[in-house]
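Shown below, as structure tokens, is a lone chain in the form predicted alone; questions about how it binds or moves come after it.
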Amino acid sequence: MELPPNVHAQRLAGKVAIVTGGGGEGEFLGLGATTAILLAAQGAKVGILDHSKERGDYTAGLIAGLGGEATVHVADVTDPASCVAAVERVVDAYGSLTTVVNNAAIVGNAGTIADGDLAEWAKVIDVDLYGVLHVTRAALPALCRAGGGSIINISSIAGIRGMGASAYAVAKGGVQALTRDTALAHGRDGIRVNTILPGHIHSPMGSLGGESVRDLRRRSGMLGTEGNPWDIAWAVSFFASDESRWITATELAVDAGTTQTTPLSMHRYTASTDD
């Protein structure tokens, strides 16, 4: 595995981070794994929370190979007690907690708002929205004891644009509202809370549709280049660092400008494969 360039090894020295959904496998890593790796490469100690020990161990092994430090904690983000126990294990391992990255999510198969399976809707919202709530509630006491810290919630541009994503979009929109409310409630505790909205990146979760759709996603952004999970991880590392000490309750779209234009404006790029 090759890290992206310009990794600052001491940028996050002294930070202790939790990354939910931080497990991975193979060469095609998702947002959680790349985020955990990049935070560790920049000096943070990382607690990887994942439903799969095998996936968590895979990411931890990559981190160890880079000389970083990480521990793996099996957790179910839909279970408040499981979240509390996992946070306690991270604090026991490293002595404190300064950073929480709420990344764990599923797309699900909930269907439309008119005829979708309500059980699937509940499952998606339970993981993608309530999972953020449970982990945040579990982490707040430790963040307060540390004198403050940073919570970074991974949402999606689906939370701010109609994309036919049904339950996933509803849950991600809820994450953005939860971000703002948590930032207000705990700003005086020194806790910053921000949201990152990934765009059409090429990732395990965002790779559906084959190569033609992949190319269309690339051409839909103003830059005309393809995003990947490392682009999101870099944004997370900024919010985790002291460089963002005066930023809270914000939404940062990492999407090559996709949400700041219109299909009509981009038609000359999306109508054909010729750039």
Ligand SMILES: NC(=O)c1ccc[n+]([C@@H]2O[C@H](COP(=O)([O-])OP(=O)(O)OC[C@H]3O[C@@H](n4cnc5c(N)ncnc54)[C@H](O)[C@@H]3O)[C@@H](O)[C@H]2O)c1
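Keep in mind that what you see is a predicted model, and the values were worked out from it rather than measured. Numbers for residues come from their place in the sequence shown, where the first is 1.
Beyond the structure shown, there is the form predicted together with the named molecule, which is absent from this document and is the topic of what follows.
For residue 218, no non-hydrogen atom is located within 4.5 Å of the named molecule in the predicted bound form, even though that partner is not displayed. In the predicted bound form, residue 91 stays away from the named molecule, with no heavy atom inside 4.5 Å. Shown alone here, residue 176 lies farther than 4.5 Å from the named molecule in the predicted bound form, counting heavy atoms only. Shown alone here, residue 199 lies within 4.5 Å of the named molecule in the predicted bound form, counting heavy atoms only.
Shown here without its partner, the chain carries 21, 155 and 205, all of which come within 4.5 Å of the named molecule in the predicted bound form through at least one heavy atom. Listed residues 86, 104, 167, 139 were compared with the named molecule in the predicted bound form; 104 is the one with a heavy atom within 4.5 Å. Across the options 69-77, 179-187, 92-100, 110-118, residues that bring heavy atoms within 4.5 Å of the named molecule in the predicted bound form belong to 69-77.
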